[in-house]
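Quick setup: one chain, the form predicted alone, written in structure tokens, and binding and motion questions come after.
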Amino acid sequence: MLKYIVKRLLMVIPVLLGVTIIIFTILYFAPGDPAVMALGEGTPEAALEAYRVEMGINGTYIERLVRYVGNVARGDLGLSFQSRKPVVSELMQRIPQTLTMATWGIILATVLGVFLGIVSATRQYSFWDTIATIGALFGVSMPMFWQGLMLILIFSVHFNFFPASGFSSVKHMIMPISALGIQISANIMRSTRSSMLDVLRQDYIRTARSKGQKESRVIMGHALKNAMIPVVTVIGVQFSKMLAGSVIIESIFSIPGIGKYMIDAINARNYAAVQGSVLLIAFTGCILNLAVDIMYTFIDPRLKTIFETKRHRKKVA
């Protein structure tokens, strides 16, 4: 298992290298001069060149790319073009808000999605199955930004229940977390329903029922655990999606997280901040995928046995 984890961590390196090259190339050829954006029109060329040298954005494409990759390898994401502070420190200040929102959002989505998926699968073609399926269809179809705007319009503007911006209290958190969780819960519900329906048709479920076990024990103890492998995969993927979705939600609700930081950086041509934000989200996604793979061994003991068998064979050989 340890060897597998180390191998997966090493695989993160080429992924981050590829992301770095792609985002650097896109921003390099993007229109607009960061030096002019920062210092203003009419600035002397000597001052612009001095600023480019200070910020590390001088030289050819290859020179800048090699310099930037080398800095990233040392943990240096450069200086913000606006504040002239290290991008790493600015990201560290904003990570708590984004992680808090994404964590509570995935908790809400998982609880709601798994519950509705179980209800829908155990009562197939019933009234509750129809309602849950229609609700999941609407949830998947509605974009996050539209959900956020509708929540503000209804619960802030019309009813004045919750504040429309900020993230400083529980009341501030409800709408952003709901906007993130609703769409994700629809995807989890559909995956749970499909997986549960497949498991409920297996022979061992009929055997458990024929032995007189309670239906709740059959569903929660036998069916759900065996149906969770694809569901956990969806949850891991959706958690990564939430980090990307925070770009939209944080902008709508004016939350000072990584997403809003990235949008502000794009508008200001703050390339170092944009690159650092994308790299952080990509790295977090890689770690989440690794965590999901490790969780498989706890959900399905057969996978853990595979690792132990391979290790035993190598010792014998």
Partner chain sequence: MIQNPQLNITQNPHSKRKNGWFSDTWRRLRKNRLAIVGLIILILMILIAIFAPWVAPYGYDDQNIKAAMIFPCKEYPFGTDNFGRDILSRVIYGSRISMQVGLISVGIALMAGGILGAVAAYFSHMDNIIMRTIDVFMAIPDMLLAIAIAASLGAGMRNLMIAVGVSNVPRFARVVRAAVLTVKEQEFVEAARSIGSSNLRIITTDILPNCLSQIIVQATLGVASAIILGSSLSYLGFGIQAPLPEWGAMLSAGRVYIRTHWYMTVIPGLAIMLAVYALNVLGDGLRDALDPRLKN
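Residue numbers count along the first chain shown, from 1. These numbers were taken from a predicted model, which means no experiment stands behind them.
Quick note: we don't show the form predicted together with its partner chain, though the next part is all about it.
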**Message:** For its partner chain, considered in the predicted complex: do all three of Ala73, Leu79 and Ile235 come within 4.5 Å of it, counting heavy atoms only?
**Reply:** no
**Asked** Just one stretch in 131-139, 113-121, 222-230, 205-213 has heavy atoms within 4.5 Å of its partner chain in the predicted complex, so which one is it?
**Response** 131-139
**Asked** Exactly one of Val218, Ala244, Met173, Leu99 has a non-hydrogen atom within 4.5 Å of its partner chain in the predicted complex; which residue is it?
**Response** Ala244
**Asked** Of the residues Val278, Leu288, Leu39, Met55, which one places a heavy atom within 4.5 Å of its partner chain in the predicted complex?
**Response** Val278
**Item:** Heavy atom of Val292 within 4.5 Å of its partner chain in the predicted complex
**Value:** no
**4.5 Å heavy atom contact, Phe127 to its partner chain in the predicted complex** = no
**Item:** Residue contact check: Ile107 to its partner chain in the predicted complex, 4.5 Å heavy atom
**Value:** no
**Message:** Given that its partner chain is not shown alongside this chain, does Phe167 nevertheless sit within 4.5 Å of it in the predicted complex, heavy atom to heavy atom?
**Reply:** no
**Request:** Pull the contact list for 120-157: residues with a heavy atom within 4.5 Å of its partner chain in the predicted complex, in sequence order.
**Result:** Gln124, Tyr125, Ile134, Leu137, Phe138, Val140, Ser141, Met142, Pro143, Phe145, Trp146, Leu149, Met150, Ile152, Leu153, Ser156, Val157
